[in-house]
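Before any questions on binding or motion, here is one chain by itself as structure tokens, the form predicted on its own.
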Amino acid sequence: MATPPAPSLKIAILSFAHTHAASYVRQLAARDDVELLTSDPDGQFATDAGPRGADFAAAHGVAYVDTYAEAFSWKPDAVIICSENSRHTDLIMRSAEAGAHILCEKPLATNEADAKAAIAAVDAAGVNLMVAYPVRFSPAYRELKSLVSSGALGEVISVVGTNNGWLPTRRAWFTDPEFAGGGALVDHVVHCADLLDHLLGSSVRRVHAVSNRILHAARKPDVETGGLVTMTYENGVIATIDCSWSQPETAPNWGGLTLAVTGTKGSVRINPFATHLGGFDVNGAAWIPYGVDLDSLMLEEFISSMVDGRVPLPDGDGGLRTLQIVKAAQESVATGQPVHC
């Protein structure tokens, strides 16, 4: 007897502002168990180099409606929020009111009050809130987590993290302080901070950060383009995160994330995005990644959590903790002093 098809989940992608929206559209459109709808009403006003709105949807061959109201009237089971950072909270509130589970791009919000309000709204509505930290699902990170949890590295002493990439020119809002809430500190600290939150299981006690706009200075950015954040955890671990937009525009790949963990019994360094084929083509240097797709693994966690009736991870509380580190880093930059959390 043939196995009946799995029931379809109705998922709406709200906004194409974030660069990961294209990946989510491709992944979900290819699934037999998902019915997909998209909407990006703010796209028509964006000054982005890449397509937005109906043009983006048409290029990817997916269903599109002009307003978020139409998307919510479709009664989606879940939504994926890919808007500008400052618009996350409003869309989370509206999604919770509609009874839809939520996967929200990082950071959760641009300020702590909005993040807490978003968490309260989803808790009251009884829906799930997951924050998009795909590196959490990397096989390299999972192996590192296993080594730390088993005690194979001994007591962790220090961690050095890097999250470096291109200046995100195709989406202009990334360098708009109103929409993004900051620059490289906002864009790149949170990914490493989430891994450290999960890896160490300890709260941050002290944050000291520096930043500048030396990188890409010719573009006269309104936000920081380079930064270094040092954190001291309650368990004594000292960690640093280099969060700079330091990848040159001529580089064949967007950048990468690394984490080097040193313990009393050894050290391990992971580089989840390093696996690739390299060489040259007609355009110059080429970088062709291969292996597991982290967005796919993250979406699988989000979807399976709905099917299984459980809370997905990373959740809203984790998103709040990483945002608090970013806000402490921004305060430290502004004052020139460490911030005690």
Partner chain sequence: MTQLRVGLVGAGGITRVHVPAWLALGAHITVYSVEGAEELARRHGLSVADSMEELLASCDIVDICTPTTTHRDLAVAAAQAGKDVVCEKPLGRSVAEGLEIKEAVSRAGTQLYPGHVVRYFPAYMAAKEAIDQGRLGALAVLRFYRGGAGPKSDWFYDESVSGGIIADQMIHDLDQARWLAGEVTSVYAVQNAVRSPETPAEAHPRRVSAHVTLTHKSGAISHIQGVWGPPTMPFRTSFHVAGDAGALSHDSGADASLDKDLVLDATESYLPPPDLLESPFLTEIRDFANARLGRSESRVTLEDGVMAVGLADAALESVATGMVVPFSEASIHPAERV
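Numbering follows the first chain given and starts at 1. In this text the structure is predicted, and so the values were computed from the model without any measurement.
From this point on, the text means the form predicted in complex with its partner chain, which you will not see here.
*Asks:* Its partner chain in the predicted complex: within 4.5 Å of a heavy atom of each of K75, K116 and P177?
*Replies:* Negative, none of the three is within 4.5 Å.
*Asks:* Select from the listed residues A125, I157, L147, L200 the one whose heavy atoms reach within 4.5 Å of its partner chain in the predicted complex.
*Replies:* Selected residue: I157.
*Asks:* Which listed residue (S86, N253, N164, N271) meets the criterion of a heavy atom within 4.5 Å of its partner chain in the predicted complex?
*Replies:* Checked against the cut-off, the match is N164.
*Asks:* Using a 4.5 Å heavy atom cut-off, indicate which stretch of 189-197, 207-215, 94-102, 139-147 touches its partner chain in the predicted complex.
*Replies:* Contact-bearing stretch, as computed: 207-215.
*Asks:* Taking the shortest heavy atom distance, is D242 within 4.5 Å of its partner chain in the predicted complex?
*Replies:* Close contact exists here: in the predicted complex, D242 approaches its partner chain to within 4.5 Å, heavy atoms only.
*Asks:* Going by a heavy atom distance of 4.5 Å, is G183 a contact of its partner chain in the predicted complex?
*Replies:* No - in the predicted complex, heavy atoms of G183 and its partner chain never come within 4.5 Å of each other.
*Asks:* Counting only non-hydrogen atoms and a 4.5 angstroms cut-off, does L228 reach its partner chain in the predicted complex?
*Replies:* Yes - in the predicted complex, heavy atoms of L228 and its partner chain come within 4.5 Å of each other.
*Asks:* Please tell me whether any heavy atom belonging to R170 falls inside 4.5 Å of a heavy atom of its partner chain, as the geometry stands in the predicted complex.
*Replies:* So R170 does not count as contacting its partner chain.
*Asks:* What residues in 253-275 sit within 4.5 Å of its partner chain in the predicted complex, counting heavy atoms only?
*Replies:* T262, G263, T264, K265, G266, S267, R269 sit within 4.5 Å of the partner.
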